[in-house]
Ligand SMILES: Nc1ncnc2c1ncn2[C@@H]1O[C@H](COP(=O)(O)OP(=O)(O)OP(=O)(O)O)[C@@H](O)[C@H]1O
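Given next, in structure tokens, is a single chain: the form predicted on its own.
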Amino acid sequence: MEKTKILIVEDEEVYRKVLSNTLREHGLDVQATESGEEAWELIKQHRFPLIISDIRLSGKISGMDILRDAKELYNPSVLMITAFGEIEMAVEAMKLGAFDYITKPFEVEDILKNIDRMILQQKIISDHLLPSGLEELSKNAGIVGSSRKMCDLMNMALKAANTDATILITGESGTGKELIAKAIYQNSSRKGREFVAINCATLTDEFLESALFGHVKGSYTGAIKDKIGLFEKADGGTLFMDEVGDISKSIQAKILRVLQEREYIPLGSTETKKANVRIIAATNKELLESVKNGEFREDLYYRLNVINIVMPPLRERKPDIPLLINHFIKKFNDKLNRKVAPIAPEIEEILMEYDWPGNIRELENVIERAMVLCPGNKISRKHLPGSIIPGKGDVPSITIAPGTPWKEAEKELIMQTLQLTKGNKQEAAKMLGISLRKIEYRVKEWGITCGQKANGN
């Protein structure tokens, strides 16, 4: 049976040794450090369900910092040690989520009683936040993160997976909507059947209708033979429709029929086909605004939005950033056959302070770029884009006033992103989470050379 891990953070050697020896004899897997800085590095790399920390530590990172940041990262049980006369700080620690506190000098029996209670608390937390198989499910789906926001989100996804309801995943571009869709599918009764995905924003109406419903020979120019659509391919399984907010009203009506009647007609055909498909839709648009503007059918909106899962932007789950950084370094070490080391604290600090408007996709691109530019095994400031280093960016921040009409806002956002990428359309498309085809179409439509300032026409 695997031993429970515990981290001891204590700068007084005698207490550190007593705690370490006692808890090892109690059957725990013990790691101990005297430094708050080293403790934080260990916490980011390993999942310690139990932590014992002195409130006061030498160095910049205190026990209170360890408590607050560790609780936000993955919610361990934390026992605080305090000197007599520091009870006010201990009470403050309890408000921040500490399991309990003990005062020096302490009795070994009191420590062991607390440890047994902490192990029980972690079992309850594990059952509540990470239901059976959920952690493995997240890993299999490629989801990285153990902050409270992500635990809450994955709990909701698991509950949704156990139903056959239609799901609408909303959130900014680059937040991982398709990964959540796959996690839901992998834990549903439909796993083992087809999971097919389509980005609805990349196709014209004709090609989108053909892709979804199939077509018969001769239904349009180039249709030289019959072709089955994704609804037929996904029969019994799950269809993930990304950027559903970009679908035209005519296609919306056909999708509504599938949801209401469980049937559809292929393009150019008169034959009705049945559709036993679960739909998971996603969008980065405010669909209710689109409904109010007459761009999206209200009846379809409510049919899709049976269960709504909201993906948090990366700036709202910053405790996950170190985990994501380590994940991407490992990923690109394997892909590029490199041995780049984990980033230094000063580089991590820069990445933690940045707001990541492009979310996880932007962070991944930054890490890949840094590893490509890095000649050795250490990423430094010079390998990061100037735009994310405080005081170094040469492109003004993108500010769009609330209430700006969508077409004007879209134009400003795309053009300023192209300025940021020095006219690189592919990189701009990745940052914005839209297709290269869409950017090329918009630039051609506006008649503006890449890098040129939008003129507001």
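Here the structure is a predicted model, which is why all the values come from computation and not from measurement. Position 1 is the first residue in the sequence shown; the rest follow in order.
The same protein also exists as the form predicted together with the named molecule; that form is not shown, yet it is the one meant from here on.
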At 4.5 Å between heavy atoms, is residue 304 in contact with the named molecule in the predicted complex? no
Please determine whether residue 80 contacts the named molecule in the predicted complex, using a 4.5 Å cut-off between heavy atoms. no
Exercise: residue 328 in contact with the named molecule in the predicted complex, heavy atom 4.5 Å: yes
4.5 Å heavy atom contact, residue 75 to the named molecule in the predicted complex: no
TL;DR on 183-191, 240-248, 104-112, 156-164: the one with heavy atoms within 4.5 Å of the named molecule in the predicted complex is 240-248
Using a 4.5 Å heavy atom cut-off, which residue among 203, 144, 168, 258 comes into contact with the named molecule in the predicted complex? 144
Ok, 318, 273, 361, 71: which has a heavy atom sitting within 4.5 Å of the named molecule in the predicted complex? 361
Would you confirm whether the three residues 4, 43 and 116 all fall within 4.5 Å of the named molecule in the predicted complex, going by non-hydrogen atoms? no
Residue by residue through 155-185, which ones have a non-hydrogen atom no more than 4.5 angstroms from the named molecule in the predicted complex? 172, 173, 174, 175, 176, 177, 178, 179
Would one find the Cα atoms of residue 209 and residue 425 closer or farther in the predicted complex than in this form, where their distance changes by 3 Å or more? farther
Working note: in the predicted complex the C-alpha atoms of residue 425 and residue 205, off by 3 Å or more, come farther
